[in-house]
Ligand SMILES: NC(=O)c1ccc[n+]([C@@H]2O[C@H](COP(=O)([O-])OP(=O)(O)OC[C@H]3O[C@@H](n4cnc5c(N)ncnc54)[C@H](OP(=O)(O)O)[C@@H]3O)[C@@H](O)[C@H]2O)c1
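First, one chain by itself in structure tokens, the form predicted on its own.
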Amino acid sequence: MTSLASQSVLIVGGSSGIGAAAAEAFAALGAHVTIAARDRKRLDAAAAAIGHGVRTAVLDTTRDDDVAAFFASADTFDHVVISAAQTPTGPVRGLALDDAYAAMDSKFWGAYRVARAVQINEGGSLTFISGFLSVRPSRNSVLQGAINAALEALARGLAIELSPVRVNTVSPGLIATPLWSKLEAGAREAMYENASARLPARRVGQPEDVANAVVYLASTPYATGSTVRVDGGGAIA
């Protein structure tokens, strides 16, 4: 595996959850990490928690001008991870079209904007975060599955277009992140318990589980065009 010490790493969506865990994992290995997100206060709190001299940048990936301006003045990176997304969920016939457009704009087009604007050093990597719904559809999250599948297909195509930059995807299952904080505590714990009983791994995923896969793809020079599922067996259960 390639050393990540002194490598320049950008984590888009690095202020919480999987993005923050990935930032911490890279920083612990000696990388120079920048975390980017829309909320300055959350970025500052995440950087303080991670330590290691992590830098911050305010970036809204849903805005063409914001993305273009940010990368026009940014340095070239060795590794880039895109974890930012806000995706309203619901059945196709119940989800408002405006919410559906916003979900696609945030998770797919946000990643697309970054991919077309960012400069990555030769032999470096770009990693998307998708989700196991791409291969295990849910009747209440059809759009999320379609977006995840589109991201994975985008990564495979970009692995050819951007070569020798390597492009991969990590596809998580149920991960205990702040995404679920809006659920009432009892309902959230019941969901986690039910999932733990159902999944072959017999546990719910943690952000660090996904971060391990992100680091593996960044540090493995022969990995490109790949999708690595970290779902506790959710795609087969």
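All values reported here derive from a predicted model rather than from experimental measurement. A residue's number is simply how far along the shown sequence it sits, counting from 1.
The following text describes the form predicted together with this ligand, which does not appear among the structures shown.
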Going by heavy atom distances of 4.5 angstroms or less, which of A47, A27, L174, L199 would be at the interface with this ligand in the predicted bound form?
L174
To verify the annotation, which of these, R38, H52, R55, R188, has a non-hydrogen atom within 4.5 Å of this ligand in the predicted bound form?
R38
Using a 4.5 Å heavy atom cut-off, which stretch among 92 to 100, 78 to 86, 153 to 161, 117 to 125 contacts this ligand in the predicted bound form?
78 to 86
Verify the flagged residues T62, I129 and L179 against this ligand in the predicted bound form: is each one within 4.5 Å by a non-hydrogen atom?
yes
Within a 4.5 Å heavy atom cut-off, is I18 in contact with this ligand in the predicted bound form?
yes
Answer with yes or no whether R166 is in contact with this ligand in the predicted bound form, where contact means some heavy atom within 4.5 Å.
no
So, in the predicted bound form, is S141 in contact with this ligand at a 4.5 angstroms heavy atom limit?
no
Counting only non-hydrogen atoms and a 4.5 angstroms cut-off, does R203 reach this ligand in the predicted bound form?
no
